[in-house]
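The chain below stands alone and is given as structure tokens, in the form predicted on its own.
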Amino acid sequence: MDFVQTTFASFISLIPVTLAQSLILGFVVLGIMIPFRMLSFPDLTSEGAFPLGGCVCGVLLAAGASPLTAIAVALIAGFAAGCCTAFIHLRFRIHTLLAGILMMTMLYSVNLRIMGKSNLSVFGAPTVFDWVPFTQPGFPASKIVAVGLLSLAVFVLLNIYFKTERGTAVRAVGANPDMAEAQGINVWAATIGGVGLAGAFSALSGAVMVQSQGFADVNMGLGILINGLAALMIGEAIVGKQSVLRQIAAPFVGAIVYYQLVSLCLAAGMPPPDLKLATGLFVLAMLALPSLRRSRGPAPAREAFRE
């Protein structure tokens, strides 16, 4: 009983911190979802674009740039990284996963070149959280308000965009690129733009995370892809993926639930090194579940046919 009470009390105390972190990392999950679901373009660039955004933001903050300028430049850098991945795939006919691996690998060296070292402290630099009224800068409340409003704005704008003619064209390319091209849609532009947008959101997450934690590190994206996939699976299981609205909501809902579950596991005493194993097994189970259901489905039909 004491163990349950202690675990619950520890979990409750961590909710504000994990909620702020999950909202920030929700943009990475969004950056994973857009190529994966909207474009049928499995991509690994997020694991390189996330630290890219953080490194760019950290260097600019250290140089005295404003927080918004640092975020804007990080967005542009992430967009360029995503565009490069899509171009490698389209121009050289390289598989999407391999193109993402190549870009992710190259971005590690790029991030080191940008910062000039493996990590950079920006403690004391101004952040976007300093501008939130009625809250203390640096505390979870200011982060939850700032990132919550940003998430809401992105959610609304993306929902509007993917229902416009250009947004529908991106979805059409993901559904059937040959048919989309026959309808006069520029497949290259839609693919490069969509993957670039995903890279921009991943870089945005990295930039905001650096402002939240006060330092940038070239290894800050290690494992972020598998965490993002787990969050996406949870979000889609909760809200579904049958409409554009649900597809956009799933990353944010999934990120919130996933990181609360991680917090609960840590509060219950799970060793932190075991979290990666647990996350990988969870994603494997979620991906294998539809296949297991299909393999069980035809059996009754075959028996009925024999009768």
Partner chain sequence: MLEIRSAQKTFYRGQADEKVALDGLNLKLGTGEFGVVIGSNGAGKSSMLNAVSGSLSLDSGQILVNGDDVSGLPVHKRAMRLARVFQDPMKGTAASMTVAENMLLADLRSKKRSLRPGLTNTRIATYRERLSLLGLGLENRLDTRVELLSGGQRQSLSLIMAVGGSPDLLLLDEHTAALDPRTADIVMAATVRAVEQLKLTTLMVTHNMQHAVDFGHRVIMLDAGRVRLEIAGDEKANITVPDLIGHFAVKTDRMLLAS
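Just so it is clear, the model here is predicted, and its values are computed rather than measured. Residue numbers count along the first chain shown, from 1.
Unshown form predicted in complex with its partner chain; subsequent notes refer to it.
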Tell me, please, which stretch of 84-92, 232-240, 111-119, 180-188 lies within 4.5 angstroms of its partner chain in the model of the complex when heavy atoms are compared? 180-188
Look up in the model of the complex whether residue 168 has a non-hydrogen atom within 4.5 angstroms of its partner chain, and give yes or no. yes
Taking heavy atoms only, is residue 172 within 4.5 angstroms of its partner chain in the model of the complex? yes
4.5 Å heavy atom contact, residue 164 to its partner chain in the model of the complex: yes
May I ask you to check whether residue 105 falls inside a 4.5 Å heavy atom distance of its partner chain in the model of the complex? no
Just to make sure I understand: among 78-117, which residues lie within 4.5 Å of its partner chain in the model of the complex, judging by heavy atoms? none
